[in-house]
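Presented as structure tokens, the chain that follows is alone, the form predicted alone.
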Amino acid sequence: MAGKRSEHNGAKGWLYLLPALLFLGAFMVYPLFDVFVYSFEEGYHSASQTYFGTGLYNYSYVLHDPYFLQAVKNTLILVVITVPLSTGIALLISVGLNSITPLRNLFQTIYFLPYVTNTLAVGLVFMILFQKTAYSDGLINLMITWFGGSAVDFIDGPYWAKMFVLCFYTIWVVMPFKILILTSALASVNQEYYNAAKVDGTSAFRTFMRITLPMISPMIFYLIITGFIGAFKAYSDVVALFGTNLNAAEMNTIVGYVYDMLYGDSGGYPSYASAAAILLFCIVLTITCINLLISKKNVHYS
């Protein structure tokens, strides 16, 4: 009797899960499988839905395309710089917010405001701040000249200047979410651990390293993983700063390359776009697996 009841509950559970499984299958699993198939179809024509062969030519083309290599370089630089810096700065700000009582909620609200602001609008503001025009060098260049420096065209100038603006903008945009998560994690740490540390005369730095960091390490790991994935998917932020012709600006990203292959000036090549998308998927999956292996030794789940 108990066995029949267990089978009935199991079937009922699968019935409840069916709508979600159908949704995931239709909008996540099937598109991924479809993209994987497209990536091997050589010479695919979207209008007639025909192709003249299958093989690895699409991958070979993409991996030898200088625009794709530039996009990979830009994306990797963005990931390596912005993820550690944004997480570290967010941790410092969160610890500071957690240590103050007056106006804590006000400061948390102020830090969270960029997260609810449209990224394209913020990007346009950044472009105005950094861009040199015929009428003005921009507010940032004005501040640089105040300190004796020379004006730099951060939007249409040298590569390092454009990359600096992109990294600075990306860090500023992702900071609010990370601060929100980390302040919540810090507030959830059991106060008894801190009380015991005070009784033992433990220094503030040692308390932070031995108690605070291990207790919030799952949230830090979560932010690092999501930060890597988000940085690899960067596109709209770059468009907001440098316009739609990212190849000419040498500021394209992998997602931007995929979009250009589909809808851009050089678009109409879904097979190339699919190959680039699969390569991006493999890169993100590899980095995520490496982070998971590292987390087994450094993340402490209470």
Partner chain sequence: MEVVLQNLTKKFPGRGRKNHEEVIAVNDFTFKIPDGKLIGLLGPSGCGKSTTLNLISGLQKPTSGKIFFGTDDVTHLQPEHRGIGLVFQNYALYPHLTVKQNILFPLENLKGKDKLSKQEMLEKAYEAAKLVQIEELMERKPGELSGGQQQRVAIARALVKMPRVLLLDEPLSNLDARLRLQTREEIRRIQRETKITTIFVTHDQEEAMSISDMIVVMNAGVVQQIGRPQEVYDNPANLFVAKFLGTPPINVFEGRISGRKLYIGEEAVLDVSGGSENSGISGNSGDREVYVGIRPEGFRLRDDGPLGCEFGSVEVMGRDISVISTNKASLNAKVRSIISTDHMGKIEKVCSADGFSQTSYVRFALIPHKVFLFDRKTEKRIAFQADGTKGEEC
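Residue numbers count along the first chain shown, from 1. Keep in mind that what you see is a predicted model, and the values were worked out from it rather than measured.
This next part talks about the form predicted in complex with the partner chain, which is not shown.
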Sole residue of A196, A151, V80, V95 within 4.5 Å of the partner chain in the predicted complex, by heavy atom: A196
Residue among T202, T226, T119, Q108 with a heavy atom within 4.5 Å of the partner chain in the predicted complex: T202
Contact flag, P214 vs the partner chain in the predicted complex, heavy atom cut 4.5 Å: yes
Residue contact check: R210 to the partner chain in the predicted complex, 4.5 Å heavy atom: yes
Exercise: E192 in contact with the partner chain in the predicted complex, heavy atom 4.5 Å: yes
Partner-proximal stretch of 202-210, 71-79, 156-164, 86-94 relative to the partner chain in the predicted complex, 4.5 angstroms, heavy atom: 202-210
Contacts with the partner chain in the predicted complex - residues in 106-130 whose heavy atoms fall within 4.5 Å: none
